[in-house]
Structure formats: C-alpha cells, structure tokens
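Only one chain is shown below, in structure tokens, and it's the form predicted alone.
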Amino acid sequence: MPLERDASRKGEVIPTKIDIDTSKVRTKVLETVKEEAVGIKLEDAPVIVSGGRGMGGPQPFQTVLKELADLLHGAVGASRPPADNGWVPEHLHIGLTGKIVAPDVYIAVAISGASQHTAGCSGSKHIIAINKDPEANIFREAEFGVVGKYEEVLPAFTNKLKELLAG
C-alpha cells in the first residue's frame, strides 16, 4: 500500500550529463514493431478471458474465448505456450515475460497456473479457473473454479450469461 501523499515534502531535480562511448555499446536496434491493438487493450480490460496450452490450437482463441470476452466487454489473453506456438500474437501473452494485468475478472481457461503466468495475473480482483485437471495450480489462485473440459463448460457458461444479461 502506498504512503499518504505529503505535499510539504520537496525534492530537487539534479540534471546529469551522461557520456556514453558508442563503440562500447553491444546492442543494436534492428527493428521497431508497432503493436496493433484491436478492441480493448489487455491492460485496460475490465475482464480478461485467457487461454492456455490446453486450448489445443489457435481456433478457440478466435471463437469460444472471443465470444465470451466480447459478451463481457473484455479482452482475450493467453499464457506463454499459445504465444510461443504462434496461436496468438505475442502482445496477448500474460505473465512475467509478457504483460502484467489486473482486471476486475480474470477467467483462466485450460491454463495450468505456472508461477510465471500467475505472477502476471495475480493482481486481478477475481480469478475464475476452468481446467480439466483438478490438481492444476491455477485452482490455488482462483476464487472460483470449474473442473471440466472447456469445450463443454465454456459454451454452457456463455449461454447462461447471455440469458442473464438479456434478463
């Protein structure tokens, strides 16, 4: 928790000139890639529906996960394996080596819950996990968990939400 703001405290900015010998620099920028975000950015999304290796391929990210995310006015995310396998663009990767997110609701689908991933989403207000493995680590982080195959659970969950939202 941050300290209370103390307006009576003052600081001094001391400009410093840094001289770098460019012959000693061993890195070189080869390319700058601009991230093209369509829809809500992960960092701004109130709800993130994230998929893992258990999704089995790229298709569910564009169908069942996207449908649920759209219904909840959220965004689709992913753990490291889907990004590494090219199932989703790298900018959707959530974890220590990806984006750190803190939505109101984080829905982890077919994500085992490796520590690198959970570190990226642990700031979420509520974590809901859907995984067929009852021993998956993600259930230790989740407030709510459903043990089951995402192919059965997600359509039922999405349909029930549609019913409730139409309400």
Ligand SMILES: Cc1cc2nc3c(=O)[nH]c(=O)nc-3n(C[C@H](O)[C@H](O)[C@H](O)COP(=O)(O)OP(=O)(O)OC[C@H]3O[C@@H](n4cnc5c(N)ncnc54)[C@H](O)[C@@H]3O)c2cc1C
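Quick caveat, the model's predicted, so the values are computed rather than measured. Numbers follow the displayed sequence, beginning with 1.
Another form, the form predicted together with this ligand, is not on view; read the next lines as being about it.
- In summary, the region of this chain contacting this ligand in the model of the complex, judged by heavy atoms within 4.5 Å and restricted to 105-113, 64-72, 24-32, 40-48, corresponds to 105-113.
- In the model of the complex, this ligand stays beyond 4.5 Å of every heavy atom belonging to E143.
- Remark: P89 does not count among the residues lining this ligand in the model of the complex, judged by a heavy atom distance of 4.5 Å or less.
- Interface membership of I127, defined by any non-hydrogen atom within 4.5 Å of this ligand in the model of the complex, is ruled out.
- In the model of the complex, this ligand sits within 4.5 Å of a heavy atom of T97.
- The partner is not shown here, and in the model of the complex the stretch 10-26 never reaches within 4.5 angstroms of this ligand through any heavy atom.
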